[in-house]
Each structure stands twice: as C-alpha cells, then as structure tokens.
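Quick heads-up: it's one chain on its own, the form predicted alone, in structure tokens.
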Amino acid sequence: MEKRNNNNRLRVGILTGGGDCPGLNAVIYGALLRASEESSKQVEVVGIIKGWKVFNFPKSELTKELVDHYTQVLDIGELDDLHTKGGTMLYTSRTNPFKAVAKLKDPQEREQLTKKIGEDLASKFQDLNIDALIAVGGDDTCGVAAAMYKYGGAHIVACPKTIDNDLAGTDFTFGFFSGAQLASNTLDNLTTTAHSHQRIFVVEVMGRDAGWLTLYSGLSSGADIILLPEVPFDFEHDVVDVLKKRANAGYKFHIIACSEGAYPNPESLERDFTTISQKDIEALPKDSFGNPILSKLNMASKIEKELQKREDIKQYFNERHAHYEIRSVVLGHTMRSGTPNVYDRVLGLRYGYHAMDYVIQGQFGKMTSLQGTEIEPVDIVEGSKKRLIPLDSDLLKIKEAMISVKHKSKEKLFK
C-alpha cells in the first residue's frame, strides 16, 4: 500500500485496548489538542478502531478497504468536550497479537516468537498509513506496545490506562479514581440495606492481581473487612474472628470488601474451605493474554457459602441477639461505567497531550507517567510492568488499624 506521508505531514494513529474505563476519551482529546497547536508540521490524528484487531490481520489481507474500515481521521472540530464523555469513541477489544506466545513454556521459544510478532506488528505501520502510534491501555496493551518498540523499533508511545492502577511506571493510572469512587459509592449504599436487614454483605471488587481498587474503596467507605490479592487471607483469623468480635461489640451489620483476585493462604484453603480447592484455582480458564480469569473463582460467593455453612458462627451471633444472614454482591463492569470524574478527566487530558508531544518530538518507546504532580516520560518496557500494593505500605497499616479499632472502641463502651 502506498505511503501518503511527506516531511511536513505526520500521521499519528491512536488506539484504545483492553477493558474500557472512564477517561479514555479524555486521552484522545488531549492528543488532538496537542496536534492542533503544532505549527512546524501538519499533524493528522488517525483513530484505530477496536484496539489491536486490525494489527492481527496478515499483511496480505490489509487491503485499502479493510484499513479504511478500521481507521478514521479525527477532526477535533467535531469532537467538542470529548473528554467529558465516558467509554471510548474508538471502541476497544481484548485482541492479543501475542496470544500464541502465552501458550509456550520454553523461555527461548517465547522470546523468539515475541520478537517475530513484534517486528511484524511494527511493519504494519506502513500498511495502515501511519508514521507513529499512541497505544492507550493497561499492562497487556502497553506490553504489546513495548514489544513492538523493543523488537520492531516502532515509533510508539503508550498511555497507562486501567482502573486497577497496577502499572509500575506511574503513580496513578487514569480511570482508577473514577472506578474507586463508583465502588466506594456502592459500598456506602449497601451499608444502608445491610443495616436495615442486619446482614453481612460480601462485596466483590475488581482487581485480578492488585488490590488498589478494593483497598481505596474499602478504606473510603469504612468497610469492616478488606481482602486483597497481595495478602492471602486466613478465613478464621481475617473473617470469622473479626465478625465475632464485631458481633460481641454490638454491631448488627457488616461489610466485607473482597478483591476478585483475593484468595486464602494454603493452610486456610485446606482447613476452612469446602466449596473450593487448589485444583479449582489451578484449573481456572485463561484470558487471551494467558492470565487466569479470577472472576470465575467467584470468591465473594465462595465466602458467602462458607459462612452460610457455619452453624457455630450463627449460634455465636444468636447468643448476642444478632441476626446472621449473608449476601454476596459482584460489582463487575459497573465499576468501568459512566463518565470520568474530574481527576481522571484532567489526568487523561494530560496523558494524551504529553503522549502526542513525545511523538512530535520523536521521543518514542516512552509511556506517559504521573510522577508526583508532573507528567514525565518513562521507558515503555519498564513502565508497563505490574505494580502491586507494597507490603510495607502505610495504606495496609491504616486498613488493619481501621478494621480493629471499630470493635475495640465499641467494646470499651460496654465496660
């Protein structure tokens, strides 16, 4: 396919991959704003539809008609206040160009195939008539971009998007605070029905590997128990004992915030669980990037069922005139929905604006990153790695203090 560019014209593709989240449109608009003010050359922004999907076609199939179907030139004049809208105007998908790599066990074979695919993906810039690409996504999407740069020398820049906030190269990802606010609001709202019916609610919050969403929303809403992937829990110590202490202190309702990726430690799994085993965890289906689909574990439901079976806890509650009833709730995709809050709107604008600036300045292989209050470029390979909650984080200390202080402080009133 003939390349249509010249020295005074820069065609920059932009795509959004992976799960949707509030703030994606803000990044697109930020990139358009920076492109619109460039005077040294004409910058044309090309939206690429459905993430990496078009990159997955063999070069022989990338006809003009197919490329036109998956691309559109973006006109900022037709997109007023795009940053205020939720979702992504470019659509998204979980297409993984490196799906075959995830099936290989041998490290050398994985490296060789990754290199081959990375080079092939980078070569398709010419077929798509783009000179550079801004990839907006989480660790999987940014990981694809990193491989394209590392092995194919692609003129590529990434923006860190994920409500999970689990990318190593930035203090915060856009979408996180909107998702955490939605989860916090739901936990707040469930408190009223928990109080009315004197129930225990086990609320499953998104977070496959990292518990940032559960931790922030749990702390924000004052959840009574918070279970995270980073700290395997002991069902007796972290759930049963806390519920008993709260019932003994006079509490009539309880909220448990549970990450979808939270799981019991091996001793507790064997000792306390009848609804799940280690084999069940190992047999979980994988997504297109080879990650176990931990939501299939339905941990909130498993905890609910284990609590339902415990006649000893029910008797303990009854002896203290406390009603014993358990419900589980899965927040799921509701956490991705709606319009971005003010923080994510502005952060998305900043990420998109700086990403386009990196492209114009020829700073490729970078990811936009929030460092304190400033946006800085970081290496895309390092920046796209996973970031979990540090075990020495003050947030974990605050969590433990918050969980313990409630029943301790109320117990003093009965002395």
Ligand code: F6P
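Since the model is a prediction, treat every value here as computed from it, not as a measurement. Start at 1 and count along the sequence shown; that's the residue number.
Missing here is the form predicted together with 6-O-phosphono-beta-D-fructofuranose; even so, the following discussion is about that form.
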Non-hydrogen atom within 4.5 Å of 6-O-phosphono-beta-D-fructofuranose in the predicted complex for each of R94, G207 and E260: yes
S178 within 4.5 Å of 6-O-phosphono-beta-D-fructofuranose in the predicted complex, heavy atoms: no
Any non-hydrogen atom of H321 within 4.5 angstroms of 6-O-phosphono-beta-D-fructofuranose in the predicted complex: no
6-O-phosphono-beta-D-fructofuranose contact in the predicted complex: R336, any heavy atom under 4.5 Å: yes
Non-hydrogen atom contact D224 with 6-O-phosphono-beta-D-fructofuranose in the predicted complex at 4.5 angstroms: no
Segment assignment from 234-242, 168-176, 155-163, 115-123: heavy atom within 4.5 Å of 6-O-phosphono-beta-D-fructofuranose in the predicted complex: 155-163
